[in-house]
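Here we start with a single chain on its own, the form predicted on its own, put down as structure tokens.
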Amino acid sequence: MITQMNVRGLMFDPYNNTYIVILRDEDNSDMLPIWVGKAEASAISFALEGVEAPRPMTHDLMKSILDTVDAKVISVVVNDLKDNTYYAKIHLMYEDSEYSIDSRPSDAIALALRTHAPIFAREEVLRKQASEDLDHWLENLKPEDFGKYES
């Protein structure tokens, strides 16, 4: 089973010197924080803000290629969590065939935001990440730790 998620926040984690994309379901009952690098956070931030770079960034290029060959991003699914690493699939439709492509979640999310494709997470991933360590980390967050996209 899968749950539709929305990007609800982008924040900096000063403890790990990385960024975190916050995915939440429609009811705000499930949350999926995904740690990403600075470049990936920038790509996601640009898409959230609707900023177009003077030259195409990687995810803009990917979208342009897909548009040129008339392929459509159907969805993105965060489908696994192993050893604190998330995995995702990008589901594409090209002609009469559907394709699933392995991806880092950050790249999949950046592409989904540009193509307005829905983002999903498998229930197993949501259950795996719901650990005491995560709960403890979240309890220690302050409002100023969240970026301007938090909603």
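Don't overthink the numbering: it's just position in the shown sequence, from 1. All of these numbers come straight from a predicted model, not from anything done at the bench.
Beyond the structure shown, there is the form predicted together with a further copy of the same chain, which is absent from this document and is the topic of what follows.
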Candidate spot Arg8, Ile44 and Glu49, all three touching a further copy of the same chain in the predicted bound form (heavy atom, 4.5 Å): no
Is there a heavy atom of Glu123 lying 4.5 Å or less from a heavy atom of a further copy of the same chain in the predicted bound form? no
Although the partner isn't part of this model, could you tell me whether Ala71 comes within 4.5 Å of a further copy of the same chain in the predicted bound form, counting any heavy atom of the residue? yes
So in the predicted bound form, does Asp107 come within 4.5 Å of a further copy of the same chain, heavy atom to heavy atom? yes
Quick one: is Ala112 in contact with a further copy of the same chain in the predicted bound form, heavy atoms, 4.5 Å cut-off? no
Though the partner is not shown here, which residues of 47-61 have a heavy atom within 4.5 Å of a further copy of the same chain in the predicted bound form? Arg55, Pro56, Met57, Thr58, His59, Leu61
